[in-house]
Each structure stands twice: as structure tokens, then as C-alpha cells.
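This document starts with one chain, in the form predicted alone, laid out as C-alpha cells.
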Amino acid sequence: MARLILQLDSIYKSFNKKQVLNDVSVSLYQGQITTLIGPNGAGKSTLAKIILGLVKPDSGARISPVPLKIGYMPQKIKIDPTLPISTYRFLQLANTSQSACNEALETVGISHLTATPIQNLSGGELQRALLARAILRQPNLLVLDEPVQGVDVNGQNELYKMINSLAKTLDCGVLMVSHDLHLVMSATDQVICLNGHICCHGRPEHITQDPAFLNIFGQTTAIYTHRHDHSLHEERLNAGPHQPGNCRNHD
């Protein structure tokens, strides 16, 4: 059985008297990929910040039964185009050794770009550089915010395969925050659908048939369903008559 590395228990959070998270409980396990989805304004970023320890909940518990070492991949970064910084130097800013930087770049397949200015990387190359920086210290939890943003479909497929491989080789838990409903379903073990509260959660093939999921995303969305061999398989949702779920999009 996979080992629990982080648990959020009955989390509540509000900002300016507006409830953002309402009784949210999440369990993350070693070697397991969890994807957090939901509409804009659903509280995904706030939940991720609580998991990262950057925001304290109003109530509820954040519990880790093991010493937690988190690697974080942000959705985007802004680097001054006039700043002369190489891809290697960008990793070195995390204050790690030369061997660790070289190993991380090798792991994500961009060791040939060591001397390339970070501003000159393509979308896919930049995402790999951000991923390399996230794995520098051998984390037991990776938090990836929109990890395939700005990458074409083929590149997305390769990145998701790499993330799946990292979960195994690092034996770490992975939380992906994503708006993508297509390739992401083939690259995750469990899905959490959030809209202020947890509307539904479970394996991708079950989530896509859940009335709460259908209420937000519709029943004709073409998605790629999860397979145990993590190959990509496209199928259209073939649900029965639409049923209103308990989760409504207020945005």
C-alpha cells in the first residue's frame, strides 16, 4: 500500500469574508499522481498554497506523517530579457551542487541546453527547466502548477510521461494543478474536482462519469482516459441523460 505523505483534514479558508475553501480534505501518497481540476475561481491556487505551507487555513489540519520535502514547479516565471542567465545558472540559484544541477538537467532531457540563456528556451524546454529545478533536492512531494502550459500536444505527452517516470524513480507524490481535461486524464492516478468544496474525487474513468463533473465540464468533452499502462486512449464520454450534480460553476 502506498505511504501517506500529506493529509489535509477539513480545510476552511476565506478571504475578505468570501469562503474560498469549504470542508476540503485531501490525501497525497508516495508514488501516486493526483490531479486537481476545477473552473476558474474554484480555489485550486489557494489549496495548492496551503499544501505548500505558504497559506494557513482558517481551520482544519495539515498533517504530514513523514518529513516533508517539497519540490515546486510554478505555472510561469518572469525573467528580465536583459538578464544574462544560462539554464544551468538558473538551476544553480537554488543553491545546490554542480552535480545535482547536471543530474537534474540530464533527467529531464535538456543537458545539451546548459549554456543556453533561459530566455531563449522554447515553451517545452522552459517547462523542463522548471521541472529540473523542482527535483533538485530529491523531493518526496512534487507540486506542479499547469506543468504543460505553452507546450504543443506532442510535448505535453512527453512531459506527462516524464512526470509519471519521476513519480516512480523519486518515489514521490505528485500533485498537478491543471485546467487541461484532455491528455491529463491519461497521466494521473486520482482526480480531485474542486469548486470551493470537493465535488467528486477518484480514478479518472470514474470521475468523468460523475454527475458533478458533468455539471461543470459537460458530457460531450473529448478526453483521454487513464489506462494502467499510461498509454493514450481517446474516447468520448458516453454518459446517459445529463444529471445535475451538487457542484455548480458560479464563475
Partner chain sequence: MIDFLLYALLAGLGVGLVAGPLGCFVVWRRMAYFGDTLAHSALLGVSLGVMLDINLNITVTAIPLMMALGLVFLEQRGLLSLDTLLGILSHSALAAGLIVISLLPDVRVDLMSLLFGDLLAVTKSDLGVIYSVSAVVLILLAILWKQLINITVNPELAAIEGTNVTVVSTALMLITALVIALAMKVVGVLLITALLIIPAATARRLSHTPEKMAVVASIIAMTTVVMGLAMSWFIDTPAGPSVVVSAALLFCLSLLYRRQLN
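Only the largest set of C-alpha atoms that superpose within 1.5 Å between the two forms is called the rigid core. Residue numbers count along the first chain shown, from 1. Treat the numbers as computed from the prediction; the structure is a model and nothing was measured.
Keep in mind that the form predicted together with its partner chain is missing from the display, and what follows is about it.
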Residue stretch of 191 to 199, 27 to 35, 204 to 212, 46 to 54 approaching its partner chain in the predicted bound form, non-hydrogen atom distance within 4.5 Å
46 to 54
Could you check which residue among His112, His179, Lys168, Arg137 gets a heavy atom within 4.5 Å of its partner chain in the predicted bound form?
Arg137
Check Tyr160 for me: does it contact its partner chain in the predicted bound form (non-hydrogen atoms, 4.5 angstroms)?
no
Classify Val153 as contacting or not contacting its partner chain in the predicted bound form by the rule of any non-hydrogen atom within 4.5 angstroms, answering yes or no.
no
Is Gln92 close enough to its partner chain in the predicted bound form to count, meaning some heavy atom within 4.5 Å?
yes
Would you classify Ser99 as touching its partner chain in the predicted bound form, given a 4.5 Å non-hydrogen atom cut-off?
no
With the partner left out here, if you bring back its partner chain in the predicted bound form, are Pro67, Arg128 and Cys172 all within 4.5 Å of it by some heavy atom?
no
Checked 51 to 90 against its partner chain in the predicted bound form; residues with a heavy atom within 4.5 Å, sequence order, are Leu52, Leu54, Ile70, Tyr72, Pro74, Ile77, Lys78, Ile79, Asp80, Pro81, Thr82, Leu83, Pro84, Ile85, Arg89, Phe90
On a core-based superposition, does Val153 travel 2 Å or more at its Cα between the shown form and the other one?
no
By the 2 angstroms cut-off, has the C-alpha of Pro84 moved between the shown form and the other one once the rigid core is superposed?
yes
